[in-house]
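Before any questions on how it binds or moves, here is one chain, the form predicted on its own, in structure tokens.
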């Protein structure tokens, strides 16, 4: 049986970032993932994700964003690959929008947030928009477009011989964590489990605290191509009447990518098909036509993403939709990394380094907001005992 110091199960952005971080520090690490890079499944598949420095979801995310930004630039420097395209990020909503207020507050802490502050100003600055003139607006100059597939390739560069392309199961034993694949078993001293929507099937008791939803994405042929091209048009997040819609400038020549951020129907971990229907993308198309007519048009491409969100915690003030990053309380050799809630991708370099630190140093702990002991089921475990 092969031996290794640390195994990483699941090589999306989080797992690949951890693999990269551990390898750079000289750890004996092996990664496991059955999916082909660039394939249509997995929480990190596809070309792009939004990078926001200032985040309305949590005050804790701004420092994490800054750490992640440093990590993305270090990854680019180390590999020569471009993984983060600078872009303004415009967030807008009705007067007294909580989303805009929280982003403004996060920006104020770091001295950021410039540009249009009302719908009228946004319409003048970006002709593709037609926002209500009294809407609240905040623009982040330090945002960007995270090139997800390019980042995965950068993380894995030079590590092909450390990746096992197979489904893996884990089983704790007295001698170590046994990683079983259809072809072989490998014994690891520790394991990081970063398996996206499949994580609930690998960690006993975790599935009951998770909700997986089907999220549909469309690319729209823009009515005003010049007005929505990269460099002239921002990433956007709109708190529309029928839901939260986000999207990207046409930086690939495929059209404007846009999707609804509100949770879709609850599904299983393997529910990647069929492609989105016109009905599923109707809300997004209608929102573009109403508020962003320059980006509206026929659907030219479609995709499905899965969000894996936590449910509300029962021991602390946690309403759900938060990350789980922690050691298992009753077996500290197993580290859970589940920041796959639809707003975690931008933090991958920071979180990958965090879980690598945890695997290498038993004294390192994750932020309290991400820990498992916010759930009573896990709070009773013997934290840090490793037994």
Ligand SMILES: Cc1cc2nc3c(=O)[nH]c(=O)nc-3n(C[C@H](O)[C@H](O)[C@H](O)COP(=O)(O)OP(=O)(O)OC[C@H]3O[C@@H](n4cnc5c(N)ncnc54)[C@H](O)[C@@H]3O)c2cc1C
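Numbering follows the first chain given and starts at 1. Everything numeric here is computed off the predicted structure, so don't read it as measured data.
What comes next is about the form predicted in complex with this ligand, which is not displayed.
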Among 284 to 292, 196 to 204, 312 to 320, 127 to 135, the region lying within 4.5 Å of this ligand in the predicted bound form by heavy atom distance: 196 to 204
Contact flag, residue 333 vs this ligand in the predicted bound form, heavy atom cut 4.5 Å: no
Proximity of residue 109 to this ligand in the predicted bound form, heavy atoms at 4.5 Å: no
Partner contact for residue 53 in the predicted bound form: this ligand, 4.5 angstroms, heavy atom: no
Contact test in the predicted bound form: residue 166 vs this ligand, heavy atoms, 4.5 Å: yes
Interface residue in the predicted bound form among 83, 306, 139, 100, criterion: non-hydrogen atom within 4.5 angstroms of this ligand: 306
Stretch 1 to 30: residues contacting this ligand in the predicted bound form, 4.5 Å heavy atom cut-off: 9, 10, 11, 12, 13, 14, 15
